[in-house]
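Only one chain is included here, represented as structure tokens and corresponding to the form predicted alone.
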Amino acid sequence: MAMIEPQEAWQRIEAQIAPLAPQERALPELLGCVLAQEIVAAENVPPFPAATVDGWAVIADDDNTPLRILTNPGTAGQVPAAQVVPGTTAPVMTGAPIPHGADAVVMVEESEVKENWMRFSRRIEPGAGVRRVGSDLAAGQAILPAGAVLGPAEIGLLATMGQTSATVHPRPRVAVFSTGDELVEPEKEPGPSQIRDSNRYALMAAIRQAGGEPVSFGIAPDDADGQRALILRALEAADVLVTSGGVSMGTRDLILPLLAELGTLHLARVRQKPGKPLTFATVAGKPCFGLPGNPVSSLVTFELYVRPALRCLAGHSLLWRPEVAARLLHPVQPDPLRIEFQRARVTQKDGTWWAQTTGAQASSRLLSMIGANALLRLPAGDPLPAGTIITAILVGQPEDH
């Protein structure tokens, strides 16, 4: 399969994904989910005139002074028994119903009490200190649109209306496994020619950070029958498959031919660095990403392709990290033939963004990702002198466009 440009790679991926079918989820499971339908208030909030302050329920136009304090006024959660008439007042607490007859509340701080009488220092307007019926939410009011991302405030709003669940696009379940006879689990001591598997744990963390639910399927040895069975088992349990390793041109790189055998291969090589061997296929309609085995290549291709795909599956409309034009603080050597995504730290000073790479950019050097808050998109070609303006993808910032 021919090598393609990064933009075309994403277009081919985008053509194969769509938001997951909506599901009903309970309140504790909604954080970060995207609403699949509009939410309309079913009732007024508050359902009764309520005090906004601790104080005294009064008739605003009552000229009597002082006012006799009524007993048995009721508290928050109780229906007040007192009836306020001219010449009287009743204590009321924040959130409690306003006693019948009253139309305003005098703050405790603006009152003076002596024995069973209350005097206040200034006149107030009708409605002062009172939340009117439906002032927060009116029955029939559209309050959350389809496509809204549910955060703490949105979930609290649902609970306010007595709505214990909502129809949302579910978080995609993502099966993850690494490939290679050379890999061992992190807790094990590597033998000769072995290394610890870091990619699976980094990718599961990235999936969770992107709003997905990672499911680990361990390490797959370099065996075609075993990997084929694992791919099929993983796709039975998940919406998406993400693998690392096995997508280059070696005789033991089995993921690419297996995905082509089991489904439809949409891309196999991208003209970029790192991440040239990125592979994408669909098997039984489910997206499968074969990421390169080098740690940096794995995380960079996840950021550029898998993350926006997962967000699309989860129903998000904002898929992309923000980008800024930044000036290089030092000369940079891009790849002569491929677009390169170098890891960098960018800062803003006096309205200008400045970029400094994180040192050696080898795709095996995971340390180059530490402290990086940006990927610099560098055009292929000649060295770039200090001061050159380049595009910086702010990977430390949430998607905003």
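Keep in mind that this is a model prediction, so the values were computed, not measured. Just count from 1 along the sequence shown to find any residue number.
Another form exists, predicted in complex with ligand AMP; not displayed. Remarks below refer to it.
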Consider the chain as shown here, without its partner, and state which of Glu154, Asp239, Asp103, Asp197 has a heavy atom within 4.5 Å of ligand AMP in the model of the complex. Asp197
In this chain shown alone, the residue from Gly275, Gly246, Pro287, Gly212 with a heavy atom within 4.5 Å of ligand AMP in the model of the complex is Gly246
Even though ligand AMP is not shown here, does it sit in the model of the complex so that Ser178, Glu182 and Asn294 each have a heavy atom within 4.5 Å? yes
Which among 294-302, 266-274, 279-287, 324-332 is in contact with ligand AMP in the model of the complex, heavy atoms within 4.5 angstroms? 294-302
